[in-house]
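A single chain, nothing else alongside it, follows as C-alpha cells in the form predicted alone.
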Amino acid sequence: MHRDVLGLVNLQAEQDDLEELTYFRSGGSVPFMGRYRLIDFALTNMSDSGIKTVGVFAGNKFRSLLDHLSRKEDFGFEGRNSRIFILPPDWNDPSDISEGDLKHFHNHWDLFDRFKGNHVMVAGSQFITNANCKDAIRYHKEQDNDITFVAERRPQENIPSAQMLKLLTEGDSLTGFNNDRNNNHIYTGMFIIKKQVLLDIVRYCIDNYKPNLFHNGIREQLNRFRTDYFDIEGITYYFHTVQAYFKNSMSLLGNERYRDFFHGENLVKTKISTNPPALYKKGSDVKSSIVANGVMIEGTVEYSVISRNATIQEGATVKNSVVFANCTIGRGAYLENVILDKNVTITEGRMLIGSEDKPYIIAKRSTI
C-alpha cells in the first residue's frame, strides 16, 4: 500500500484536442467504450496502486465530473480515510498572481499542506493503461528520486504521434525530452514526485510568472533534480486527437482485446449504473460491437460502440461508429465512421458518412 502518496489528476494542464467532444466537458469526462470516462483509468490506477487520497484539478468544464465522481466507492476508494477531492478553479484570492495550471496549485495549496505523506503521483486523462503504478512508486521511493517519470517503450511501427513527448536517455540516465518521431521511449504524462520538491517548484513558477508546472518548472530545470524513469508494461492508449480517440475505440471491439483491457488482472472501475440490460428486438442484427445497458436496438449495428440508453430504430444502420448515451437513431438512418455525442437525435432517413481518418462528429444535444 502507498498511503503516503497523494494522487493528483491534473486536467487543467491538458489541451482540449478532442474538438467537439470537449466543447461542453473536460477531457477527463469524455465517454469511452460505452460506460467509462477517460478519467476512470487514472483513478483506477491510483486506487490499485494503494493510493487513498486523490485531488482532481477539474479545469473550467467540471459539471459532468461532479456527477460522475459522486461516489468514491465506485472507483475503489472505500472507507472513512479514502477521499476524492474535486477542485474547480477559485478566483477569489486578490493576491493571486499565478497563471495556467499553477493557479490550481496556488488556490488549492491546502490539499498538499494537509496531506501527511511525502510523495505525489501526478497523472492526466490523455493516457490510459490497464496496468497500475505500484512498482513505479516503489522504485521511486527505493531510489530516493526527486522525480520519477512513468514511460513505456513501443515498437517503432507502433508509435502513436510525432507530437508526443519522448524521453532522452544516456545509459540509464534521463537527460531530457523531445518530439522525435523515431524515438520509441514515450512519456506517458505521469510522474511521481516528492511533495516538498513539488511545492518548491510551484513557488518558483509563481514567483517567476511561469504558467506551466511541467514545462516551466520541471522540464526547463531538469538538471536541478534527481530524476529517473520507470517503464511500465501493459496495454496502453493515447488520446491527443479525435482520430486517436476513434482509432482506439475501434481497436478494442474484439472480444479478447476488450476483455483483456477492461476485465484483466486490474479491473477498470467506473460509476455504477442501474440501467436494465440491453434490449434486442426482433429483426435486430448486431455484430462485433460493444452495447451498454439500457440500449434498445431494432436495426443493424456493426463494429460500433453504443452507450447507455441509446435507441437504434427499425431499419437504421450504425457501422464503424461511436454513439454516446441517450442518442436516438431514427428509422432508416445510416451512420458510418461517425461519433455522436450525448443526447443527439438523427431523424428518419438521414445518412452521415465520415472516414476512418476523419470521423464525422455531431456535437452534444444536436438534431440532424
Partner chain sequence: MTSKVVAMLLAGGKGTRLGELTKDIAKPAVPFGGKYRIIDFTMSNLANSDISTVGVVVQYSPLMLNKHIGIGKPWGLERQTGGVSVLAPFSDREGGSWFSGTADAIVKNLNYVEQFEPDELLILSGDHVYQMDYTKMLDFHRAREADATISVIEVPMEEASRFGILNTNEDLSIYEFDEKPEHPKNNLASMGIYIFKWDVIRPYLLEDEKDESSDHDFGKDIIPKLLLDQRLLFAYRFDGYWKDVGTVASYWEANMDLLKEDFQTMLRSKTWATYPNEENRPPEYIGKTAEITNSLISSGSFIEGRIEDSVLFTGVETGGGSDVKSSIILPDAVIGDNVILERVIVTTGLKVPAGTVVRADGDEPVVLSEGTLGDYMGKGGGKNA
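Positions refer to the first chain, counted from 1. As the structure is a prediction and not an experimental result, all values here were calculated from the model.
If you look for the form predicted together with its partner chain, you will not find it shown, but the lines that follow are about it.
- Of the residues 84, 268, 213, 111, just one reaches its partner chain in the predicted complex with a heavy atom at 4.5 Å or closer; this is 268.
- Contact with its partner chain in the predicted complex, judged by any heavy atom within 4.5 Å, is made by just one of 74, 99, 200, 231: 74.
- Judged by heavy atoms within 4.5 Å of its partner chain in the predicted complex, the contact stretch among the candidates 141-149, 280-288, 190-198, 170-178 is 280-288.
- Contact check for residue 115: no non-hydrogen atom falls within 4.5 Å of its partner chain in the predicted complex.
- Taking the partner from elsewhere, residue 324 is found to have every heavy atom lying beyond 4.5 Å of its partner chain in the predicted complex.
- Among residues of the shown chain, residue 124 is not one whose heavy atoms approach its partner chain to within 4.5 Å in the predicted complex.
- Proximity of residue 237 to its partner chain in the predicted complex falls outside the 4.5 Å heavy atom cutoff.
- For the partner-free chain shown, 253, 254, 255, 258, 259, 262, 263, 267, 268 of 251-268 come within 4.5 angstroms of its partner chain in the predicted complex, judged by any non-hydrogen atom.
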